[in-house]
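We begin with a single chain expressed as structure tokens, specifically the form predicted alone.
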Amino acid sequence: MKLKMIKFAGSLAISAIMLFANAQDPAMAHGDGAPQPVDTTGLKELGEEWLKKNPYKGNELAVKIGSSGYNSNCARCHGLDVKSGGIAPDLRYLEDDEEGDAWYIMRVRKGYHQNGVTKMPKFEGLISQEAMWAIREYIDTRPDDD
């Protein structure tokens, strides 16, 4: 667990350096775009209450849906195949446990702002909880080696 945290912290540091060094270089990102809807047909509906633990653990349909959702909503910043190019944290190093799930869903729902700058937009109200958790399950299936 400590090794994953060290890798994730290192990824954050590299992301910060790359973002600062390339703040004026839009080619570093995968492009801007509006959030895209994610078809979650076939997944169990989760209701109104926000879950703090991934309900789709081990669900192959969720991985397939999450792959599509990730590539249309997350890859532009977090990298194709979940390999960050330095713009945003490398999500392969998120903890694969309840703590990692809670951090992930809070960040995706609420976004992240630093010094008045939106580093990550909020997705709550734009894509469903089902889509968010399917994306998390896809992320968890990506190998964390290069």
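Numbering starts at 1 and follows the sequence shown. Being a predicted model, the structure only gives us computed values, none of them experimental.
FYI, the form predicted together with heme C isn't displayed, but the following is about it.
In the predicted complex, Ala88 approaches heme C with a heavy atom inside 4.5 Å. At the 4.5 Å threshold, heavy atoms of Pro55 stay clear of heme C in the predicted complex, well away from it. In the predicted complex, heme C sits within 4.5 Å of a heavy atom of Ile135. Although the partner is absent from this view, Met120 contacts heme C in the predicted complex, with a non-hydrogen atom inside 4.5 angstroms. Although the partner is absent from the chain shown here, Cys74, His78 and Arg107 each have a heavy atom within 4.5 Å of heme C in the predicted complex. Residues of 43-57 include none with a non-hydrogen atom no more than 4.5 angstroms from heme C in the predicted complex.
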